[in-house]
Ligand code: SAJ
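Here you get one chain, nothing else, as structure tokens; it is the form predicted on its own.
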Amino acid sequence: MFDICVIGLGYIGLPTASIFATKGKKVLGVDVIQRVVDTINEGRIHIEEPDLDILVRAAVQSGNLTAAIAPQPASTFIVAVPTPFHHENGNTLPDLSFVESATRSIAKVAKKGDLIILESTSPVGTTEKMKEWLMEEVSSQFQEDDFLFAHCPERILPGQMLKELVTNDRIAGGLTPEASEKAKELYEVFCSAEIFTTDARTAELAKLTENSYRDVNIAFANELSMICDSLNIDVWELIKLANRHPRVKILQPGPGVGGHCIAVDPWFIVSACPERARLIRTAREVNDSKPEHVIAQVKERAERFRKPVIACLGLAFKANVDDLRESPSLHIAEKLAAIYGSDLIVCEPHIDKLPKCLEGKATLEPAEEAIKRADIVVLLVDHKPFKKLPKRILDQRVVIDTRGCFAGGGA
């Protein structure tokens, strides 16, 4: 029997499973994609994250980490699957189908006393739903208090996952105090920071609140950038000067907000209390509107060219990662490809082939080659290689800089 079974071997599940394994726990990692399972069992990784390959290799070689496509008996089950959202009748609603499927799969191997932890960022009440789903499957065999349920949201940043997994404070929110304490004890195996216990609903809302706070503040910066475009003011200089006030700390604007957290989590609060979450909804709408603002800027500049060649620098949702989930940069590139076709060049140093939505609609080239061919350069992601580009290469090009990477680019 395994000590821990981690369901979902993506950006959260894989590092979590691996670090437990390197701390001596017998871990089964579960993923529904056979290619992912095979890759991990070979000691390799299917996602990009600094030093994760070293951690996974060590975990597999120790014999403590094994991957499979279905759960097996374990003392603890950790669910780390996606929680996307979908649009229905004009509303943005959470999709808990992956969490439900993972929970019901546990029922086949569950036993009395098991600790079941939800790490996936989820709407308030999801941990309670997990208990309901599990009991629907096993009610003839077990009582409701035979299992311990807790929500322990992840708080790690792509690009710094392995460091933050260990050093960031954690929250252990159980459906019962016993579940909270058991979850806390488990994460103390590798977490050097403080672990706070609370109830499951508070833990769920805490994670949503953290990302909504970021979203609201980014929306302020993005709204400022659009105001500055209308007033012909350099937003980067404006923010730099405003931030000289000791109690002002404006964030940096960008082409929008992406990733699976900040671009998604606020909607979970909005869906739970639509009549109260007015500021959170507005921030989401501002950030979701920013890509269209960038596209409008490109179209305006393109009018001066008979057949403009456009280079988009960056597709990832943030700098120095390969993650394209909910990426506003990818959305912008896709829209521009629909308008300008094969005259769109894309540069993304963290991928070696175009995503499916751009296949046959654009070309993928290194940055310097793309810029040399382009009439218009659109900086969408401030990857390190882009910051090192010689400024002279941008001479005679129209530059739209959404990240303040180049002087005088605008937002």
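Residue positions are given as counts along the sequence shown, with the first one as 1. Quick caveat: nothing in here was measured; it's all calculated off a predicted structure.
One more form of this protein exists, namely the form predicted in complex with the named molecule; it is left out here, but the text below deals with it.
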| item | value |
| --- | --- |
| is_contact(residue 262, the named molecule) in the predicted bound form, heavy atom dist at most 4.5 Å | yes |
| Interface membership of residue 155, the named molecule in the predicted bound form, 4.5 Å heavy atom rule | yes |
| Exercise: residue 200 in contact with the named molecule in the predicted bound form, heavy atom 4.5 Å | no |
| Contact flag, residue 252 vs the named molecule in the predicted bound form, heavy atom cut 4.5 Å | yes |
| Region of this chain that lies against the named molecule in the predicted bound form, out of 107-115, 78-86, 273-281, 210-218 [heavy atom, 4.5 Å] | 210-218 |
| One residue of 335, 318, 301, 182 in contact with the named molecule, assessed in the predicted bound form (non-hydrogen atom, 4.5 angstroms) | 318 |
| Proximity to the named molecule in the predicted bound form, single hit among 294, 257, 102, 172 (heavy atom within 4.5 Å) | 257 |
